[in-house]
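Starting off, we have a lone chain in the form predicted on its own, written out as structure tokens.
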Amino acid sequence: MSEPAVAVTGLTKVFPVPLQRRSIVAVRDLNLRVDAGQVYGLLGPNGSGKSTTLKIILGLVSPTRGKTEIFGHDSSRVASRESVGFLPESPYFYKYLTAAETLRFYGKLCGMRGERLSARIDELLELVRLTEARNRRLRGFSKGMLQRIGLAQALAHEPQLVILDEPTAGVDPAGSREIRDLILDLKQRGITVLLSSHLLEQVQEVCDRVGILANGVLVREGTMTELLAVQNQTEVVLEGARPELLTQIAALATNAGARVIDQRTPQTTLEQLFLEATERSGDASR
């Protein structure tokens, strides 16, 4: 088995509450694996521990127990983050810089210079579809354009892993669709994407695997096919079946000469799965 892009083992994070003699468990005994090349979606209601988990993976917050690794390297070490790009939920940019100047600034922070940096700026602006806005100052950008320039800066040093915290927060439907397409483009390029989002339909469209957090606990996890399958039911798609055959399909299908085109497990929706999983977790904690 190949080395995972992200491995989380026994992760627990407890935040003490000053002056109240109590603590809050943000994440409890979390185990998670994101394989290289996957798009992995981390879902959960507000306060479920998503952002805390991402910050620990990035080395921005220290765990109380457990460990996180990026491509086999302990994520508490600076070297582990050399191959990581990050777009926070509410990124801040210098609004007086243009798109090209912003990418030049971040490129230099990553150690790029000269022709290599100039070529990379052109590549990134084309990737996020902002070539025509390269000389516009960011103060005139829409929310969707700011998210796209944020994604571009996260990709400046050609990372193997990109972590996106609510990448479409506050973005209109058109901008959200553009960011979705960019994520799919990253997948085509072999880049691993770990994202948190509350837009379930979007997650369902782009993610290979999903984990649902509730009250700091991973309550459901698996591929989209596994999670959305309705258990104990089977769909049968027939070709050439007569109307009267439908009432006796189980017994008559073979003898009637109908050909089974497909047989699959019926699917629920990610929204329904999310609500059921988080509600059950909430009931259990009361």
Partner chain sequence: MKDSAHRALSFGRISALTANTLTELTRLKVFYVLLLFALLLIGSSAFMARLSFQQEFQVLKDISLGAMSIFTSLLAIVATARMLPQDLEDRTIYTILAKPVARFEYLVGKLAGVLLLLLISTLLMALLFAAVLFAREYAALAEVTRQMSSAPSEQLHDAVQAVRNATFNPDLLPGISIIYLKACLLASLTLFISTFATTNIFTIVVTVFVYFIGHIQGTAREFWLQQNGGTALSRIFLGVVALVFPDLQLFDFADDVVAGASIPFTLFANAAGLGCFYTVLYLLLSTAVFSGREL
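All values derive from a computational prediction rather than experimental measurement. Residue numbers count along the first chain shown, from 1.
The same protein also exists as the form predicted in complex with the partner chain; that form is not shown, yet it is the one meant from here on.
- Establish, in the model of the complex, whether Arg129, Phe141 and Glu205 all lie within 4.5 Å of the partner chain, using non-hydrogen atoms for the distance. No.
- Query: Any idea which of 192-200, 168-176, 210-218, 150-158 reaches within 4.5 Å of the partner chain in the model of the complex, heavy atoms considered?
  - Reply: Contact-bearing stretch, as computed: 150-158.
- Message: So in the model of the complex, is the partner chain close enough to Ala100 to count as touching (4.5 Å, heavy atoms)?
- Response: Contact with the partner chain, no.
- Although the partner chain is absent from this view, report whether Gly59 comes within 4.5 Å of it in the model of the complex, heavy atoms only. Answer yes; at least one heavy atom of Gly59 falls within 4.5 Å of the partner chain in the model of the complex.
- Query: With a 4.5 Å heavy atom cut-off, would you call Ser90 a contact of the partner chain in the model of the complex?
  - Reply: Within the cut-off, so yes.
- Is Lys55 close enough to touch the partner chain in the model of the complex, meaning at least one heavy atom pair within 4.5 Å? Heavy-atom contact with the partner chain at 4.5 Å: present for Lys55.
- Task: Check each of Ile121, Leu182, Val84, Leu146 and return the one that places a heavy atom within 4.5 angstroms of the partner chain in the model of the complex.
- Result: Exactly one listed residue reaches within 4.5 Å, namely Val84.
- Query: in the model of the complex, which residues of 111-141 put a heavy atom within 4.5 Å of the partner chain?
  - Reply: Just Arg137.
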